[in-house]
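In structure tokens, one chain follows: the form predicted alone.
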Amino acid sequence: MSVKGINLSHTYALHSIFAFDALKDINFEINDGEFIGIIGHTGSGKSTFIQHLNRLLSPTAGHVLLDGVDINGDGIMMKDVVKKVGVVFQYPEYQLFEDTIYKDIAFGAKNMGYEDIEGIVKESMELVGLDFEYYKDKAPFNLSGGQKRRVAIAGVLAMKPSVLILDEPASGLDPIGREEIFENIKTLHKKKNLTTILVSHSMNDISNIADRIMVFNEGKLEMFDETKNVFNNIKMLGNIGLDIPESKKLLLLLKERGFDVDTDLYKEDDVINEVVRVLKKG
């Protein structure tokens, strides 16, 4: 499913002395099946932006289109939008409330009016790496942080969205938990052919997974380009307080010291292979 924004703007406390322009004339187009990363410092507009994509917030001006349809248009029900766009917010495990994992994941699907709830819950759990028979009757509050995160993601998947938005999905997790979550996300993106949008402060996480990156700064969309091009624009990122992936820093350091390395690379695996190649050359 494609997502498009036309002159999207949002002002908090409009018509008051506390008015604040959180989004300023944002134009973008995300293609069906893309994996998009969103970066920006705290307060840059990232969270406000993603809340417009499933109509939790409505624009002060402009439009958000899903496959060409304005989600704030006349006759468009909130339920119709939520079916298409699922959002997993930061620390989603705090939103778990049922006494079993099965009930928690089934909640949204039931509200959507879907049939075969058990089949939907089972599929959603398997997609995030949770064995249905083993986990379905367990209390979600007794799980590890990473497992709770997966339950929350499964609950969103059970509503069968075409667009999946994840806001800092690995926040607070240990390295193993982070790796598991991102492996799940990559698998989900491919298996379900989702349009996936990932918000993260980690340049390393974004660099390893995103096709293109949206860079927000003070409510504006500073840049929206292929991941390689964004991380090659080191001066722009530095000017707005953002960094580049550690893997790319390593290549730049090696280049400064005279090694013939490809500094366009940024993914960890690609950088490791490049370093090995150069070392073998001597």
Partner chain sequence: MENMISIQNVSFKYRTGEGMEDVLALDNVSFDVKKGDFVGIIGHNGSGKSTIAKLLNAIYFPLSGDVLISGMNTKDEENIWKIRQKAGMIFQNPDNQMVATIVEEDVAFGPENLGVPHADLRGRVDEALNMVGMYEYKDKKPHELSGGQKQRIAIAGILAMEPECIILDEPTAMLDPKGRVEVLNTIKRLNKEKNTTVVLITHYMDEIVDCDNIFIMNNGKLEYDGKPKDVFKQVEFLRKLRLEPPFATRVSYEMNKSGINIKDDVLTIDELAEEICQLKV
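All values derive from a computational prediction rather than experimental measurement. Positions refer to the first chain, counted from 1.
Omitted from view is the form predicted together with its partner chain, to which the following refers.
**Student:** Quick one: find which of 23 to 31, 58 to 66, 219 to 227, 40 to 48 has residues within 4.5 Å of its partner chain in the predicted bound form by heavy atom distance.
**Tutor:** Result of the contact check: 40 to 48.
**Student:** Does at least one non-hydrogen atom of residue 201 fall within 4.5 angstroms of its partner chain in the predicted bound form?
**Tutor:** Residue-level check for residue 201: yes, a contact with its partner chain.
**Student:** Would you check, heavy atoms only and a 4.5 Å threshold, whether residue 262 touches its partner chain in the predicted bound form?
**Tutor:** Residue-level check for residue 262: no, no contact with its partner chain.
**Student:** Are any of the heavy atoms in residue 132 no more than 4.5 Å from a heavy atom of its partner chain in the predicted bound form?
**Tutor:** No, residue 132 sits far enough from its partner chain in the predicted bound form that none of its heavy atoms falls within 4.5 Å.
**Student:** Does its partner chain get within 4.5 angstroms of any non-hydrogen atom of residue 232 in the predicted bound form?
**Tutor:** Heavy-atom contact with its partner chain at 4.5 Å: absent for residue 232.
**Student:** All three of 76, 126 and 190 touching its partner chain in the predicted bound form at 4.5 Å, heavy atom to heavy atom?
**Tutor:** No, because 76, 126 and 190 lack any heavy atom that approaches its partner chain to within 4.5 Å in the predicted bound form.
**Student:** Give, in sequence order, every residue of 202 to 235 that has a heavy atom within 4.5 Å of its partner chain in the predicted bound form, or say none if there are no such residues.
**Tutor:** Residues within 4.5 Å: none in this stretch.
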